[in-house]
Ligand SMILES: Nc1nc2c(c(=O)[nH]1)N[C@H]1C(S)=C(S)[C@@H](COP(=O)(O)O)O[C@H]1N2
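Okay, so here's just one chain, in structure tokens, the form predicted alone.
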């Protein structure tokens, strides 16, 4: 059921009495349904942010609990995943960062690596358990002199995807710039050469094939958030 149909049914049952008399499809009037849903989504973001505890860890699992085979997720088939030249790859940096010198894969791998076996939860309802390894995002942000007082960290990807997360979630100890999956370097379908792994958020907040990272106080939005999905999207 799409958002509009859900809202109209709620109105029909008297759950939204103030909107029940509105003509949601009249092009001559503002779309009150979308306005209402946007307001509720914004409220939901604020509540989730207020409830988020940066010291609470997402569940971890044993190696024998890893889902095999792993499941691919994206808005395109696995065969269309972008292939990034790892030899020439450089992670571009922008925004409120002191040292914006791009980073190579070798430099990222030279930093302390952290491994985790956590659950990936898709907004569509399915979930898998996988093992990811990489650099703690919080450590990386401190290393490049990012202004940790800023509100957002944004990401842009080789396939045109983009998203952003809040700074407290970026500094969470389980949030990593993943370089390996299941004990081996990432492959294109699973986000090579660098992806974000953030087990405290839903799957679409885990961008793959990241080519740019920025720190900002200006709301950057995201591919799905700009289409009406909840932005904070804690899991």
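Residue numbers count along the first chain shown, from 1. This structure is a prediction, so every number in the text was calculated from the model and none was measured.
The same protein has a further form, the form predicted together with the named molecule, not shown here; the description that follows concerns it.
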### Query
Using a 4.5 Å heavy atom cut-off, which stretch among 67-75, 96-104, 110-118, 138-146 contacts the named molecule in the model of the complex?
67-75
### Query
in the model of the complex, do 61, 176 and 201 all put a heavy atom within 4.5 Å of the named molecule?
no
### Query
Would residue 207 show up as a contact with the named molecule in the model of the complex if we use heavy atoms at 4.5 Å?
yes
### Query
Would residue 157 show up as a contact with the named molecule in the model of the complex if we use heavy atoms at 4.5 Å?
yes
### Task
Determine whether any heavy atom of residue 168 comes within 4.5 Å of a heavy atom of the named molecule in the model of the complex, and answer yes or no.
no
### Query
Taking 4.5 angstroms as the cut-off for heavy atoms, does residue 89 touch the named molecule in the model of the complex?
no
### Query
Which residues from 176-204 come close to the named molecule in the model of the complex, meaning a heavy atom within 4.5 Å?
189, 190, 195, 203, 204
